[in-house]
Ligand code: NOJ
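There is one chain below, alone, in structure tokens, taken in the form predicted alone.
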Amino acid sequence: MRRLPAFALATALVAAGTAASRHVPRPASRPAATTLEVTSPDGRNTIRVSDEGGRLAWSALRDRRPVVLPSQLGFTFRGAPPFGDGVALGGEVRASHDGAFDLPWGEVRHVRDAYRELRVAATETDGLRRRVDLVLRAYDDGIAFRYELPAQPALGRFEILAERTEFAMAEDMKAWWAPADVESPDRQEMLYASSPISRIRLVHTPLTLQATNGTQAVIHEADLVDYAGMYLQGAKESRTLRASLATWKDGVAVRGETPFRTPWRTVQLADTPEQLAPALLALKLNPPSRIADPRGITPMKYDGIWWGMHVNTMTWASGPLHGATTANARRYIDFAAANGLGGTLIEGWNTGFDGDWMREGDRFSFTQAYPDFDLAGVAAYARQRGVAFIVHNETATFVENYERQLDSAFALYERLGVRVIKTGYVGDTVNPGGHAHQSQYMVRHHRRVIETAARHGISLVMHEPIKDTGERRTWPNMLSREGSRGQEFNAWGGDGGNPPEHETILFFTRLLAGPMDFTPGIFNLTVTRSGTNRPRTLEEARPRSTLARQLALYVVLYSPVQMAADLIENYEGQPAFQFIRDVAVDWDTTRVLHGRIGDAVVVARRAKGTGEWFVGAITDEERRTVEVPLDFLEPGTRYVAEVYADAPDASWQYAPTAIEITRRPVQRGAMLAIRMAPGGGQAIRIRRVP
């Protein structure tokens, strides 16, 4: 922490006992340039803010070595001068916190929440003399800052055209990124690439970076409420990234009125890839739960007819292949009940899917079922079998149509006992109103859906969503979301399949934002699509995965709701399905045992309340053996490991279903050799010997 003059130190000590919103002015004789900093409780991460030359800037260090060089801050307003130049730092308030909170569900049960905070006012020295407060926090796992705009005569209602926030990285770090400038900046379902920062154009967050000394940095945001989602804009031959905000139809990024605050801009920091997960920084930056009693929010595994639509054995639309029939729903509910799955998802039950529904989404009804689907009867049958009936609401981004029906539809679902909804916002560009998919308009819409669902006791799984920024802490009914390239791409043929390295990158990128509904569990790994879309070759339309890898994904890719995604007939007579029956979805503890971004991941998780451990390991296209110590097991306790491993001749191309299932005793201190085939993996259940 920077040494303060005696007067400033005295004021800081007084301010420490005041409310965080109170600002104490510095003496009039302060130096023309001011630099303030705050350091994490462990002393390793530091964030600074300065007004040198009247330019508002921030920077970050780890172990006193620069990670982010002095970087611009501020806003560009419509109809008003920009903010960020000709400013001086004024009052400052320091605070610290060391507490903890428990999650109702998650990768871990217990989260330590310890930080040091600096709040400082930045005020224009002439002109309008507007003021913006900066709040900076330093945690042991990263740094964060946000802008707060107090109410003031010169800044009431406003429109932000751009945020001037920059990230001037200290070196041209290696980056793993998903492009946001292909077809539309809203499209989230692109493959990841890696390159130096200087080759980045427009990308999504989280953006994962790796320095030559091994330091890991992940740029993201937290507590996204009533604001525009942030992309990162690069420039040729530059290490500097600039915040780029999604916009309303007219090009405005954010509309607001003071007092107002932005989301947190976050940089997670770690020494190794293994230390990046579980990523808890965004959760710590969100408010506590608004749901008084979250015990009714239940993590679960589920089945459903979704895969049938993608391999063309069923349709969303009515007709001879309509998937959402009463008989078919009962069949899937029976399978879920017989195999210990908690829910069944039925898509295409409601009218509106006939015709070109992606362009005519305003025809969707969210209460009217097709004639061959008995909505009330299926809901009652699911309750009778002890299975959650999961309702699907596809909007095709016609959100006005959805909002008109939201209250009546959710009230109906509540009466029917529906407790989980999967929503969808299919659309590659912008919604029909012309607003970007991650715009403030859409952020407001998604928050309305979350809060309405909470009032009706309903949890959500969102596809084509707003990015996850940790709001599941505040609204734990926001269970999971897609927001990246999922399993369905493996069914479509052509060049659309996911390469074997894909999930080894997802773990260190998209999954650092929060849970992902990837939909693992495909057992028919040589699937061909029916109908006119049959691929030219078998290899074009199959998961680049072995069977053991499909099982491992239940552990590696975290979600509190995990789908047994294949057609249920493909699970019949399959001994490997036992792992899906057994694997947990809610965890006390998560340990990353091995991690190389784009190469391999090994994760161990302890099931909440049982003491059982599950290990998932996946590799890219290379055959690998990874040795990991079982030092997470309790000493003096006997365990048995149930191992689902690639057979010696297994490979995703030539023998994807070759699997060996074995049992062996294990104990703390033993080394476990995990052998994986090309595109393969291994799934392990470790339980105490009675």
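Don't overthink the numbering: it's just position in the shown sequence, from 1. From a predicted model like this one, the values you see are computed outputs, not experimental measurements.
The same protein also has a form predicted together with the named molecule, omitted here; what follows describes it.
- 422 is the sole member of 419, 130, 116, 422 with a non-hydrogen atom lying within 4.5 angstroms of the named molecule in the predicted bound form.
- Scanning 77, 248, 357, 571 against the named molecule in the predicted bound form with a 4.5 Å heavy atom cut-off leaves one residue, 357.
- In the predicted bound form, the named molecule sits within 4.5 Å of a heavy atom of residue 488.
- Residue contact with the named molecule in the predicted bound form: residue 394 places a heavy atom within 4.5 Å of it.
- Interface membership of residue 347, defined by any non-hydrogen atom within 4.5 Å of the named molecule in the predicted bound form, is confirmed.
- The closest heavy atom approach of residue 426 to the named molecule in the predicted bound form falls within 4.5 Å.
- With the partner omitted here, the stretch from 330 to 338, 456 to 464, 67 to 75, 473 to 481 that lies within 4.5 Å of the named molecule by heavy atoms in the predicted bound form is 456 to 464.
- For the partner-free chain shown, 306, 310, 316 of 302 to 325 come within 4.5 angstroms of the named molecule in the predicted bound form, judged by any non-hydrogen atom.
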